[in-house]
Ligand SMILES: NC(=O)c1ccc[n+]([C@@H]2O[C@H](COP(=O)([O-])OP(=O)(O)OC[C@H]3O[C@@H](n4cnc5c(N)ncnc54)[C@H](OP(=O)(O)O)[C@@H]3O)[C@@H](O)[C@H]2O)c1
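Shown next as structure tokens: one chain only, the form predicted on its own.
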């Protein structure tokens, strides 16, 4: 095993891609377990080791883990509760068991912010993640579990034609986090021994509602588009009739956010890993600049990309 090679599972996703980039930027050799190597290379470029397969394939998992010091897992199983169970729970069971056999030094896993909360007991996605957490804890592999809040990077997914769609009456303020800030915390978690054995809530620097965040996004990034609210009952009917239940987990999360807001205390994560600093406005300004072909550094300096 080499101490500078880390495996990223889910490295082409919304959250996994910034993590893979951050690890490589810090000088680590980054290996990805991917379904499609050609697509992964197109998204991330050269400089990554690629192993084709997924968490449902034990042989591919073993092959990907071989020679790695740590593994980071970020899964997004859309679809039915059965699919969530097969990928999110059983997939993590497979990774944890292989990590123990191989002697992996740290397993880092992205769970959900409501996992462990009694109110989320009926949500299939959170049930699968809860069982995944338990499998990790009982595997004997040193672990760090992340329970992140709402990612700013999901804001563009709300855009539907001329509108930015808010699911439900989201009046609770959330401390949204930028995926790049989270990625930096993952890098530090691997380096900080005290982060082993922890389940950490990850939250950003300011409290803002989803509608207000979307209004900022529309004003700064996609002017002319307008935030509108669609009741959760209507979206549930649309999901059942037209989407085959693929939105169920998203709707479950939105119901919980609408009712109780954001759970957890990010104090321990901030103390161990450094607090996120990017505000929604700053994230939107960087997004706008990227569209214009300009790089905005954290100190506000701008240069062509």
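Residue numbers count along the first chain shown, from 1. Only a predicted model underlies this, so the values are computations on that prediction, with no experimental measurement involved.
This next part talks about the form predicted together with the ligand, which is not shown.
Which residue among 173, 87, 218, 102 has a heavy atom within 4.5 angstroms of the ligand in the model of the complex?
The residue in contact is 87.
Can you work out which of 164, 110, 92, 98 has a heavy atom no more than 4.5 Å from the ligand in the model of the complex?
After the contact test, the surviving option is 110.
Pick the stretch from 276-284, 24-32, 50-58, 259-267 whose residues have a heavy atom within 4.5 Å of the ligand in the model of the complex.
Of the options given, it is 50-58.
Though only this chain appears here, would residue 154 touch the ligand in the model of the complex if you measure heavy atom gaps against 4.5 Å?
Yes, residue 154 is a contact residue.
Answer yes if any heavy atom of residue 143 is within 4.5 Å of a heavy atom of the ligand in the model of the complex; otherwise answer no.
Residue-level check for residue 143: no, no contact with the ligand.
Any chance residue 14 has a heavy atom within 4.5 Å of the ligand in the model of the complex?
Looking in the model of the complex, residue contacts with the ligand include residue 14, since a heavy atom lies within 4.5 Å.
Wondering, does residue 39 line up within 4.5 Å of the ligand in the model of the complex on heavy atoms?
Residue 39: yes, in contact with the ligand in the model of the complex.
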